[in-house]
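Single chain ahead, written as structure tokens, the form predicted alone.
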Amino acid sequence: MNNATGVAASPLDTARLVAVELDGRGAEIEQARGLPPDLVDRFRDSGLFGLALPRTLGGAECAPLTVVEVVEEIARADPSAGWTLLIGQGAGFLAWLDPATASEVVAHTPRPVVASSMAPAGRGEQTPDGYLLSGRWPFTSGCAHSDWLMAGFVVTRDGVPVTDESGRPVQRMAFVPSSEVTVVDTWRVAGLRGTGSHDVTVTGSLVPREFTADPFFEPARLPGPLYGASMFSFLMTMMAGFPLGVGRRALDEFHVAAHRRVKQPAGTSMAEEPVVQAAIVRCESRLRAARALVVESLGRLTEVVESTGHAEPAVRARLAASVLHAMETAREVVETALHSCGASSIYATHPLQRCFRDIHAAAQHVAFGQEALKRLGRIELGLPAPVFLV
């Protein structure tokens, strides 16, 4: 990441430059149903797709807060681009592979973009060399421009799921090169239209065992605050900037509309209305408070991992809860801005429409569901909970 003077630019400075280039391209991105090729190349060449790639593999391995800030900046410029960027950090999961195997991946594809679908929608038949993988995975954002796919699967033997000592079907994640993946054009949706989150299929691909991992139950092979807490903490770190960025964009549009829109017959701006003044200060306070909670929770987790090499479930749960709170807050802020800005915001091309559609689509991700809230609540109350999902 170098600027025009040849001095290395920070990832956040780079994100701000790219955000300017995204301005005005929202409709184009939605119509393309994915990032246009020039923007994919821009994300690659600028190093933005390598924020979470381990430094030992040629990536930036940014501090967790830096990742949040970069995703926030891009999501503020365009929500679909922000979502594509955060999902494009799947190369960070290479930290769960044996370092020698991970090095093979980057030797094959330097600074790879890794799409991921963690749902165990595949079946991997055990062989002496690994697993014969077949399956179909929906919602695979950025799959059309990705170099590798990380896909969840259930291990089978003679077609029957293998179970562990507790009776749970054994699940793993497979890293598969894109040449063995078929993209099925399915992405015609209400929100996040520009993320290219099509279905993908793999049919009978032999995946060597060393190209698989179980990030739910196995620790990362590499240390550091990005990887040392848990797979779920890594995922929530990647996602935290998205609602903050979309919420901030909605408030940007609210501020502009408040001064531009003139109420008739009084001839005064919307900004002069007490109800609007109250709404915007509430939104600003809520979003800033949500952001502060994410920063505080992420800082605590980073501090703990750097000092001990790991993080207890309670610390991880506080981070996850802060990200869920940010998503809930952003939804409220977007809805308030949309309802306050009048009829002009109902047009499909209006930035607030994209914010509205995209924040609600993103909120459907399993990480933000009621099951996640239930797990976090049980941990907060000191009750037994599946901590591998925190």
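Sequential numbering from 1, following the sequence displayed. Note that the structure is predicted; figures quoted are calculated from it, not measured.
What comes next is about the form predicted together with another copy of the chain, which does not appear here.
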Is there any non-hydrogen atom of Leu376 lying within 4.5 Å of another copy of the chain in the model of the complex? yes
Is there a heavy atom of Pro274 lying 4.5 Å or less from a heavy atom of another copy of the chain in the model of the complex? yes
4.5 angstroms heavy atom contact with another copy of the chain in the model of the complex for Ala258: yes
Whether Glu284 contacts another copy of the chain in the model of the complex should be assessed with a 4.5 Å heavy atom distance threshold; does it? yes
Counting only non-hydrogen atoms and a 4.5 Å threshold, tell me whether Ala27, His145 and Leu206 all contact another copy of the chain in the model of the complex. no
Of 147-155, 100-108, 72-80, 315-323, the segment with heavy atoms within 4.5 Å of another copy of the chain in the model of the complex is residues 315-323
Heavy atom within 4.5 Å of another copy of the chain in the model of the complex, from candidates Asp252, Glu296, Glu306, Glu210, belongs to Glu296
Could you check which residue among Val181, Leu222, Val170, Ile280 gets a heavy atom within 4.5 Å of another copy of the chain in the model of the complex? Ile280
